[in-house]
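What follows is one chain in structure tokens, specifically the form predicted on its own.
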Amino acid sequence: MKDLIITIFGSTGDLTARKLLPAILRLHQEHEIPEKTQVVCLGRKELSKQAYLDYMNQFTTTKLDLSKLEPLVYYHQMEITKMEDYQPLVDYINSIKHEKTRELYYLAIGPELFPMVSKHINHSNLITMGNFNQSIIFEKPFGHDLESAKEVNQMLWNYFDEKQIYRIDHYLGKEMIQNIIMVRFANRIFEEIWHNRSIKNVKIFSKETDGILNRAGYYDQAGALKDMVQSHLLQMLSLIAMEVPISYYSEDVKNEKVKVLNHLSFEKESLIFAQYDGYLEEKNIPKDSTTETFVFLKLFVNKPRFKGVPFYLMTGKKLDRKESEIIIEFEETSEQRKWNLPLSTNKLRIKIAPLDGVGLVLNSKVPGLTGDVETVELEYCIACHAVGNLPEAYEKLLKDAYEHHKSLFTRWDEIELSWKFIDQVKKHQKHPMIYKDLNDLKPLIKDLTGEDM
């Protein structure tokens, strides 16, 4: 194993406390990253390493094992917006690395800081363009529309090679998202019927019970369409709708996903934008905000395999339960009408949260003397049967970045095409209706589409 240095910009933030430090610690404990791993945490505050770790431990979901984390961490005080502060950091990293050390630079910072920090990283030679042992990692949002996304990307290309750039959509690190390709292509029963002659519709949804929590500054500028549909939901859709790739290496899979994103259309009459009751009373939200916290849309993938099949996308906050799922509903069989019974359609349910799993919904006779029918589900809960705990998304993503694997990271043309689609949807956005819960929205969805969600 190569030695590893992970340098975190924004190391005093929520993402580092809740996701990055726990993921790094677990990877190290399970020997998935090198024994010689150094986590360089950058911050403005003058803190000792112990004070830094104690501070971060206040914000984690579960308490960190500081005795095991402490040997990995080095806290470095600096102002990341000041070029003159970079030389001491460069000197320190040069003092602990060697020629084959893997270097990951994680930008856990707001997108407004990307241009300045990227420039400083490049000009200080912290990362040298073309050195593929050095990589930069950052999170969405990748811009706020197509034009701004292009500006961000062009800026990054001024300083880094595309092979050095890792764009994280943490949804792609979830176990069942990784498993979609396996379920599709490694099972003949599905691959044989994965087309418009057998599939009636596809529903992709992500529901949350919480409101915006402490994300007012970001969320009111983004809204549900940009926050969830542009990234997570369209990524899931592209995996469901893509053609068989030439291979399952990263670039070949991405090539097929891009073809899907390049052939999307939507039904503007089906668009629903809504805002939960009480959003305007949230801290730091303008009283006249028209930001949507719920989106529903009906779209189509205009390629032969799925021509005419509606895809229903839905996401929202303050709904009935926290749940993310993909439901592939199959057409009725030609025999169903002969039974004169209330038979249901078959459904494949790909469950992403809260528990990863897969279920197949079938019709079955009720045991006993009657000929009654019932719906049964053959279900496999991945989390329930995993040996040990399932890895968190960030564990998988950090491990893949260390190993130069980019399958679960988004390529620029995926981002470009998804923003192109979202910009078209935005042109038809209306003033959001107000809802208290999902029950307020279900009748409207059914009126527009004839479908229950």
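None of the values given here were measured: they were computed from a predicted structure. Start at 1 and count along the sequence shown; that's the residue number.
If you look for the form predicted in complex with 6-O-phosphono-beta-D-glucopyranose (BG6), you will not find it shown, but the lines that follow are about it.
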{"item": "Proximity to 6-O-phosphono-beta-D-glucopyranose (BG6) in the model of the complex (heavy atom, within 4.5 Å), stretch among 112-120, 330-338, 207-215, 306-314", "value": "207-215"}
{"item": "Contact at 263, 268 and 426 by 6-O-phosphono-beta-D-glucopyranose (BG6) in the model of the complex, all three, heavy atom at most 4.5 Å", "value": "no"}
{"item": "Any non-hydrogen atom of residue 322 within 4.5 angstroms of 6-O-phosphono-beta-D-glucopyranose (BG6) in the model of the complex", "value": "yes"}
{"item": "4.5 Å heavy atom contact, residue 232 and 6-O-phosphono-beta-D-glucopyranose (BG6) in the model of the complex", "value": "yes"}
{"item": "Distance check, residue 227 to 6-O-phosphono-beta-D-glucopyranose (BG6) in the model of the complex, heavy atom within 4.5 Å", "value": "yes"}
{"item": "6-O-phosphono-beta-D-glucopyranose (BG6) contact at residue 276 in the model of the complex, heavy atom, 4.5 Å", "value": "no"}
{"item": "Of 257, 140, 203, 351, the one that lies within 4.5 Å of 6-O-phosphono-beta-D-glucopyranose (BG6) in the model of the complex (heavy atoms)", "value": "140"}
{"item": "Contact assignment for 6-O-phosphono-beta-D-glucopyranose (BG6) in the model of the complex, among 194, 166, 171, 296, heavy atom within 4.5 Å", "value": "171"}
